[in-house]
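First, one chain by itself in structure tokens, the form predicted alone.
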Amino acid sequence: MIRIFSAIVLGLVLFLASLLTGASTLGLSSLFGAGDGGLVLLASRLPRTLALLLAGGGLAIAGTIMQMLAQNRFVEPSTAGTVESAALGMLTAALFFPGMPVIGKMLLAAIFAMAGTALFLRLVRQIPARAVLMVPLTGIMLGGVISAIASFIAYRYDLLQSLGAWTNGDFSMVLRGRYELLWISFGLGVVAYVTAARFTLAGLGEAVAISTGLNYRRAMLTGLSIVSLISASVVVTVGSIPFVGLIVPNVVSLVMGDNLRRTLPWIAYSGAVLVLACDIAGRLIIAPYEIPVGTMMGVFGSAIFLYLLLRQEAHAR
């Protein structure tokens, strides 16, 4: 009970801090007086805060499912080629279907993300004995190859600036009417919670999962679809945010164990709070300018990633 109360208080404090942090000051006089505080709050600050919560929670859930499918705790969309594939899909949409609606571009990016993730899982199965550290390294190398292909194409067609926007998460341009696609992550999070038991069984391996009566291929396809759609919706709306899906599931697992049905709400909450806190810090460090949340998470997340790798290596000795 104390844990839930503390989580609610922390979430409310960060939520209010996000609403009040920015280049312009929001006070009671500007909110209810003749100023434009009300417009800033409803058109910019509130949509930005909701987008941060939806993106953070969705990516944490996507990372958890990804780790179940790959049976490896060091895997998430940004270390498995998923995010890079989604960016390549967006680049393809910009080149061949520039007039396509945003939802259509997101679906095309999701198809590319699913293909890239499926390729990663196929490569992982070829690794002898599933060496723990080789799995994320394989994903990082695959993502590097896909990113290099996307950069070459973007350079040839003068789309490097657009590609940069999809590969580095930034919420500074989020306004009312330009973030609602992220509510897809919320819906997919609910689907993930309902089907959590299947992913737990799938995480035990194909042979064990089939012996329990689970339709393994259907569970894998469902998981791939959730991971791809969440990753694509975030990349299309605000760009890539690395390491959220890696750090949060590992930390929550250390504290609460591996019962996915029990931990998934906490994973979503922790991912949302982490991204929200990093974005607030990015707005304060060089105020009134901003450090994009993708850069903040890149620095913070890579340090935690190295710590987890070294911790795993120490336990293996």
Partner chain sequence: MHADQRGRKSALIIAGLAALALVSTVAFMTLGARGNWSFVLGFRGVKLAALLLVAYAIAVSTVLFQTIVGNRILTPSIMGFDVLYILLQTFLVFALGAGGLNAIDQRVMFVLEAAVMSGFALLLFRWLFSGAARSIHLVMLVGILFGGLFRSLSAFMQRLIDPTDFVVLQDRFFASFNTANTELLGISAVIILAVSVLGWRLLPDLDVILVGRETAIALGVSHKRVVTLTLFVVTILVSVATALVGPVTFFGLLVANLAYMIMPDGRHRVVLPAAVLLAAITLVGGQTVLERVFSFGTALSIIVEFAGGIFFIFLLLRGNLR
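As the structure is a computational prediction, the values presented were derived from the model and not from experiment. Numbering follows the first chain given and starts at 1.
One more form of this protein should be noted, the form predicted together with its partner chain, which is absent from this view; the next part is about it.
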| property | result |
| --- | --- |
| The single option of Leu159, Leu204, Ala115, Ile127 touching its partner chain in the predicted bound form, heavy atom within 4.5 Å | Ile127 |
| Interface residue in the predicted bound form among Thr138, Thr195, Thr237, Ser240, criterion: non-hydrogen atom within 4.5 angstroms of its partner chain | Thr138 |
| Options 143-151, 101-109, 184-192, 222-230; stretch whose heavy atom lies within 4.5 Å of its partner chain in the predicted bound form | 143-151 |
| Heavy atom distance at most 4.5 Å to its partner chain in the predicted bound form, all of Leu123, Met296 and Leu309 | yes |
| Contact flag, Leu95 vs its partner chain in the predicted bound form, heavy atom cut 4.5 Å | no |
| 4.5 Å heavy atom contact, Ile210 to its partner chain in the predicted bound form | no |
| Leu42 within 4.5 Å of its partner chain in the predicted bound form, heavy atoms | no |
| Heavy atom of Met134 within 4.5 Å of its partner chain in the predicted bound form | yes |
| Contact set, 277-307 vs its partner chain in the predicted bound form - heavy atom within 4.5 angstroms | Ile285, Ile286, Glu290, Ile291, Pro292, Thr295, Met296, Gly298, Val299, Ser302, Ala303, Phe305, Leu306 |
